[in-house]
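So this first bit is one chain, no partners, the form predicted alone, shown in structure tokens.
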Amino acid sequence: MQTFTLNKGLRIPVMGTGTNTYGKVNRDYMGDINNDTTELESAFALGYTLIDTAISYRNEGVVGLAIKRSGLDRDTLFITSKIPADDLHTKDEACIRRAVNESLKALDLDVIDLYLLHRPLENNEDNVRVWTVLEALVQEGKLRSIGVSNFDVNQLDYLLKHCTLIPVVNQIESHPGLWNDEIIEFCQKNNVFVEAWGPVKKVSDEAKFVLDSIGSKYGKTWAQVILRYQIERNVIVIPKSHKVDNQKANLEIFDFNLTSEEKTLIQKL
């Protein structure tokens, strides 16, 4: 798996898997947790090592169980989780520390590779307040790196001006029709990697037609073309699928390159 080197020297796979409906009844985001690790077992078997979860998904324990069942060397995995931007988890330092400790316990890990502030709080000052505690937890060895999620340019710019540790990642929504080019450009100018959630969601039929036309030249699907486009512009992707065939197909994007003309066409979708 190709990797990018984050600004702390940590290497992150360019593709991982989302998990927000894994381990739940009927594979429903709001479903009860059933500890089904089927999708994670197939992901590990196929070679996925970047796994993305969150406190709000309620399934950190499912991820931890899958890691244990896999028998994989912990050092070969890159585990991401996220702290919610609510009072229960971020009201004060004690709440933040408790949230991180509960994530560690649920995942059954000694350290989490990447921990994100899931969403910005109501004001920039509160983002910095939470961030300062996360910085301390990096220094204490509980978190290897920290980042943010769903931050816009203003929010990220303020944090960059008031932090000691630069966020290694800003995880944002990015797909055809909502590439979010402005924040991606800002992140990359400031040495913050972008990670795209939902990279193959909400794609219109018109966009799929264009992407399939491009993909036919390489024997690739519209979804594979999207993922390739993102990686070629140095964006990490975390698609999610409950189907083994789709998990496998998502990984089959490292044997072709898009032309500049094709990338221009895709960017306009």
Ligand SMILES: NC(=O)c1ccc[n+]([C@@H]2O[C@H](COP(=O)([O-])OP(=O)(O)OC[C@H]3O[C@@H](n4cnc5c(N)ncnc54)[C@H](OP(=O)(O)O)[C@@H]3O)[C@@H](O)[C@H]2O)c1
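Residue indices: 1-based, along the sequence shown. This one's a predicted model, so the numbers in the text were calculated from it and none came from an experiment.
This next part talks about the form predicted in complex with the ligand, which is not shown.
Q: Pick from 179, 197, 131, 158: which has a non-hydrogen atom within 4.5 Å of the ligand in the model of the complex?
A: Only one option qualifies, and that one is 197.
Q: 55, 223, 207, 65: which sits within 4.5 Å of the ligand in the model of the complex by any heavy atom?
A: The residue from 55, 223, 207, 65 that makes the contact is 223.
Q: With the partner removed from view, which of 66-74, 197-205, 210-218, 228-236 is the stretch that lies within 4.5 Å of the ligand in the model of the complex, judged by heavy atom distances?
A: It is 197-205 that comes within 4.5 Å of the partner.
Q: Is residue 23 close enough to the ligand in the model of the complex to count, meaning some heavy atom within 4.5 Å?
A: So residue 23 does not count as contacting the ligand.
Q: Residue 149 versus the ligand, in the model of the complex: is there a non-hydrogen atom within 4.5 Å?
A: Contact with the ligand, yes.
Q: Residue 145 near the ligand in the model of the complex, any heavy atom under 4.5 Å?
A: No, residue 145 is distant from the partner.
Q: Give a yes/no on whether residue 246 approaches the ligand to within 4.5 Å in the model of the complex, heavy atoms considered.
A: Answer yes; at least one heavy atom of residue 246 falls within 4.5 Å of the ligand in the model of the complex.
Q: Can you name the residues of 1-33 that have a non-hydrogen atom within 4.5 angstroms of the ligand in the model of the complex?
A: Counting only heavy atoms within 4.5 Å of the ligand in the model of the complex, the contacting residues of 1-33 are 18, 19, 20.
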